[in-house]
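There is one chain below, alone, in structure tokens, taken in the form predicted alone.
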Amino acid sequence: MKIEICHGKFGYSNERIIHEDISFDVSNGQILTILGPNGIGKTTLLKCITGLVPWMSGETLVDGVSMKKMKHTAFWKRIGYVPQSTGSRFAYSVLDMVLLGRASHMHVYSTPSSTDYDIAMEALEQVGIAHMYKKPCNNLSGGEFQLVMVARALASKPEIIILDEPESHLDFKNQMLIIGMLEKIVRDQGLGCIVNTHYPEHALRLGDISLMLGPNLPYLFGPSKDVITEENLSKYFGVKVKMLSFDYKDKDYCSIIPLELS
């Protein structure tokens, strides 16, 4: 599956344009990371991509077909979406919350089948929290609840999963749980993935390709190592940084250290 954004434009009025003539694409087996400072429109961009907010002009294509020509349910059978965590919790059990991800595969008045339950449990196993299936969601930690939301998206059996700042407001351990789980799922299942993040290090670690947004600046899109550089981070975030590369267990990592405002 391939999602393409072709000349997308969005604004709240003609005087307040958020995104202008933006084009990029992501395919199965690729992770696209989107980064930029607060208030730049990353969440709005995801909503435009998925049709939750309409483009002013331009369009989203799925395998070359305009999303405008697709049935709503057909689109959401192929896309998994994990919005920002609001911190609110319902008293649903973990399993019931994940079953909501099967909604696009069910008729309006139908109830979950045994197959739906099996798929929901499989999704919980994929993110490593199947043992919590009876636990109420309002008794979960922030990291646990994020994993439930990812499992809910996976339960729809998507071809591309889209996540809005999945590691925000989490401690180091839970950030690593989310990042490691995403890496494993995408690589093992060949899914496409789009991730909004505030963390350049996460974007560089996860992303095969990256999209960088900045105030009054043209967007950057390309291989993550070419987009996420000291020069670009300084220009787009307004902070001078130093990038330090190192090896750990035969794998390359990069630490990005903020130095001062640029």
Partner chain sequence: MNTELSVNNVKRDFKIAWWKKAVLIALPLLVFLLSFCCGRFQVAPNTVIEILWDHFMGLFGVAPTGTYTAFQESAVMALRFPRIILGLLVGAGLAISGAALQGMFGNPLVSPQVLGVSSGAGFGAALAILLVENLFLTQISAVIMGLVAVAVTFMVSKVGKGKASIYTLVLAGTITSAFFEALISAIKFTADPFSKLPTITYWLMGSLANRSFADVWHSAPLIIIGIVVLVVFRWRINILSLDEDEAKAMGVNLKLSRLIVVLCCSVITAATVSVCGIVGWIGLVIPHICRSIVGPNHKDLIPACIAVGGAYLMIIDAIARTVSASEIPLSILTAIIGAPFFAYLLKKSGGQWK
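Numbering follows the first chain given and starts at 1. These numbers come from a predicted model, not from an experiment.
The form predicted in complex with the partner chain exists for this protein as well; it is not shown, and the discussion that follows is about that form.
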item: Close approach of residue 140 to the partner chain in the predicted bound form, 4.5 Å, heavy atom; value: no
item: 4.5 angstroms heavy atom contact with the partner chain in the predicted bound form for residue 90; value: yes
item: Proximity of residue 101 to the partner chain in the predicted bound form, heavy atoms at 4.5 Å; value: yes
item: Contact label in the predicted bound form: residue 188 to the partner chain, heavy atom within 4.5 Å; value: no
item: Stretch in contact in the predicted bound form with the partner chain, which is absent here, among 32 to 40, 66 to 74, 197 to 205, 220 to 228 (heavy atoms within 4.5 Å); value: 66 to 74
item: Within 4.5 Å of the partner chain in the predicted bound form, all of 163, 168 and 176 (non-hydrogen atom); value: no
item: Residues of 90 to 117 having any heavy atom within 4.5 Å of the partner chain in the predicted bound form, listed in sequence order; value: 90, 91, 92, 93, 95, 96, 97, 99, 100, 101, 103, 104, 106, 107, 108, 109, 110, 111, 112, 113, 114, 117
